[in-house]
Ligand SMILES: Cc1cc2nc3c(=O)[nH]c(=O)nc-3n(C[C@H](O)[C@H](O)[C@H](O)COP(=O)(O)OP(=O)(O)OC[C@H]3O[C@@H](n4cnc5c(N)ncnc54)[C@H](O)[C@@H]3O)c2cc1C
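Form predicted on its own, single chain, as structure tokens, below.
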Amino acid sequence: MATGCLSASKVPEVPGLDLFRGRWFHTGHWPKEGVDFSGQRVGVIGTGSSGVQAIPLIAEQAAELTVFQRTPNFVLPARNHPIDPEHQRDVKSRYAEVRQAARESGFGIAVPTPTRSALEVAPEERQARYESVWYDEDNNLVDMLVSYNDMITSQAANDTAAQFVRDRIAEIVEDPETAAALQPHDHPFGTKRPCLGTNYYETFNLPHVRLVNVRKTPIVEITHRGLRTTQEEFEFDDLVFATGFDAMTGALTAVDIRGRGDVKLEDKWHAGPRTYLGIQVAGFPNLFTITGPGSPSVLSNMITSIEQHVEWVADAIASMRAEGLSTMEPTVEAEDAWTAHVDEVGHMTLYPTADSWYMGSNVPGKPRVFMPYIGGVGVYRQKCDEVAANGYEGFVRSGARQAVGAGRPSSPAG
């Protein structure tokens, strides 16, 4: 199952969408031909990563843009620019070293491992570090998180980075009320996906752009002309839903996957996903999940993690073929132990304190469980390698493999 962790999109649970007479779009299913918003009155719902990317570009075209925000996020400037040729040559001259460092790192990105607490350095030194991340043209998504070794485990340490970003928002956004609404206070920095944006906060200084706080005035319904909050009616030509995804499990449970005893995967996971290594599920033989729940997955450089999973699964299948085996699945005991470990490690961090899609909090009725593994990409890789080296410890591998062509059904329906 290479179905992706962020591919099952969702629209808000607000009635009336079928009544809307204008155009509507979801950022996860954007038309290939693009969309022209020139001269349009546009409403954007959502200020997560997709919204952060879309809002400044829509504002360049729209006559009026209204952004409906439930939860403000921490947005760092992307600083997109052509890569310096000398920098390219340097990286490519040591590609093997860089890629190996990524494989052994915490987040799957080759960055130095921090050794000091944010609280043990002088405030001036800490400020200088955060400024270097904010203004560095070559910054990346995790630079702030890896500034110090306790950024995701200590609230006090995390607060230093969170306040730094809030201060930058206050500097950029001219209207004090709008700036305050854009400053996150309800979750630690990084515990909801941190975003990289281009002119995101600056966009709210434009005279035709308005921010609506739907925590104060919730959206009641979508109407044929636009939408209505508890305090106001809005008319739009276009609506854009930047409302995210049923992350990590949604694309898997959307398929009617059944295991032993005709058990549905969706039913197996009714209280939250359970896997062994995020790769297999007990009772579902030969079902492999690429970057599934219980693996570093969305908390890593996805390319690094996808490569590791694909290589591991390919090796496991090759091993079964070499030994004449046909079936592989984890034991319940291995699955229980790994699921408990993922939960234990997760709760050593600040991640479970946030209502995030990491926790399934954006989907009504979805169990609140911290789904990815935060023990580190390198540590996780070592565990997977050890399991394989120990004869695929925790898995049951059995059955004689049939010859090619043998036992095939007599009709496609079989």
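Note that residue numbering begins at 1 and tracks the sequence as displayed. As the structure is a prediction and not an experimental result, all values here were calculated from the model.
This next part talks about the form predicted in complex with this ligand, which is not shown.
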Problem - this ligand in the predicted complex reached by all of Thr3, Leu6 and Ser300, non-hydrogen atom within 4.5 Å - result: yes
Problem - Partner proximity in the predicted complex: Ala271 to this ligand, non-hydrogen atom cutoff 4.5 Å - result: no
Problem - Arg129: touches this ligand in the predicted complex, heavy atom cutoff 4.5 angstroms - result: no
Practice task
Please run the contact check for Tyr200 against this ligand in the predicted complex: heavy atoms, 4.5 angstroms, yes or no?
Solution key: no
Exercise for the section: Flag Val255 as yes or no: does it have a non-hydrogen atom within 4.5 angstroms of any non-hydrogen atom of this ligand in the predicted complex? Expected result: yes
Handout entry: Heavy atom within 4.5 Å of this ligand in the predicted complex - the one residue of Phe245, Trp312, Trp338, Phe164 that qualifies
Key = Phe245
Fill in the blank from the handout: The listed residue (Gln69, Thr349, Ser356, Ser49) that reaches within 4.5 Å of this ligand in the predicted complex by any heavy atom is Ser49
Practice task
Given that the partner is absent here, state which listed stretch (277-285, 226-234, 300-308, 142-150) has heavy atoms within 4.5 Å of this ligand in the predicted complex.
Solution key: 300-308
Practice task
Let me know which residues along 183-199 have a heavy atom within 4.5 Å of this ligand in the predicted complex, or say none if there are none.
Solution key: Arg193
